[in-house]
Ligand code: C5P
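The chain below stands alone, shown as structure tokens; this is the form predicted alone.
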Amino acid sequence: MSSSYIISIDGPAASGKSTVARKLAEKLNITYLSSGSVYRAITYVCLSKNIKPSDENLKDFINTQSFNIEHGKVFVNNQDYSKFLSLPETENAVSSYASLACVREFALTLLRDVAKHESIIMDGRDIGSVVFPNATNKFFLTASQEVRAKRRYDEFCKNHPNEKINLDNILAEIIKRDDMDRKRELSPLIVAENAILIDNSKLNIEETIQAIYNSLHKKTGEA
């Protein structure tokens, strides 16, 4: 690998891209950031102030909020938003906000700023196609909707053991989210040019990471 580079990992909801990207970043000793965390943070702060996607003052509102990214975590007005990002209300609303031009422009600036002076691995839905179209290496992870729904269910149960959620409802949301992401006018979910497609329906996290790692070193000719 070169001294400074960008790896993009795109894919639909619950394809494992965030976990894979985070662990791969640790393996490669580079910075990791999930673009989804930025969109979810924007979504949650809007929801917390009852700012709807249709509100005319949404753009002005998010520009008055202080967003900072430190060690892969998003802080809004000096508060770590990690615990808010996987809440059902955030998950269910994020596509509605992320489809807005003003939100995508705001997020794009934040995401590109992180990669100005260091190597980075970033996951999302349009990293290889829009955010970093010239990324050094591009990957697209996917899995069946049923597998992804079960992953999201298990993740929620782990992070919120005292709350209940229905697997069928999660599957319905996954199907809805996929449809919205692929059909949205701005930055639709696509396999970016030159991206390597990996279906990890039958792969665990470590196997997926190894597949990407092997591909990286095969490309560079390193052992």
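The shown structure was predicted, so the numbers you read here are calculated from the model rather than taken from an experiment. Take the two forms, find the largest set of C-alpha atoms that superpose within 1.5 Å, and that set is the rigid core. Numbering starts at 1 and runs along the sequence shown.
Beyond what is shown, the protein has a form predicted in complex with the ligand; the following relates to that form.
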Practice prompt. Report the stretch among 50-58, 157-165, 65-73, 181-189 that approaches the ligand in the predicted bound form to within 4.5 Å, counting heavy atoms only.
Written response: 181-189
Worksheet item: Does Arg104 reach the ligand in the predicted bound form, with heavy atoms at most 4.5 Å apart?
Response: yes
Worksheet item: Using heavy atoms and a 4.5 Å limit, would one call Ile121 a contact residue for the ligand in the predicted bound form?
Response: no
Practice prompt. Answer yes if any heavy atom of Ala143 is within 4.5 Å of a heavy atom of the ligand in the predicted bound form; otherwise answer no.
Written response: no
Discussion item. I'd like to know whether Ser95 contacts the ligand in the predicted bound form, with contact meaning heavy atoms within 4.5 angstroms.
Written reply: yes
Worksheet entry | Members of 118-155 lying within 4.5 angstroms of the ligand, judged by heavy atom, in the predicted bound form | Gly124, Arg125, Asp126, Ile127
Practice prompt. Could you check whether the CA atom of Asp178 moves 2 Å or more between the shown form and the other one, using the rigid core for the fit?
Written response: no
Worksheet item: After the core is overlaid between the shown form and the other one, has the C-alpha of Arg104 moved by 2 angstroms or more?
Response: no
Discussion item. Rigid core aligned, does the Cα position of Lys138 differ by 2 Å or more between the shown form and the other one?
Written reply: no
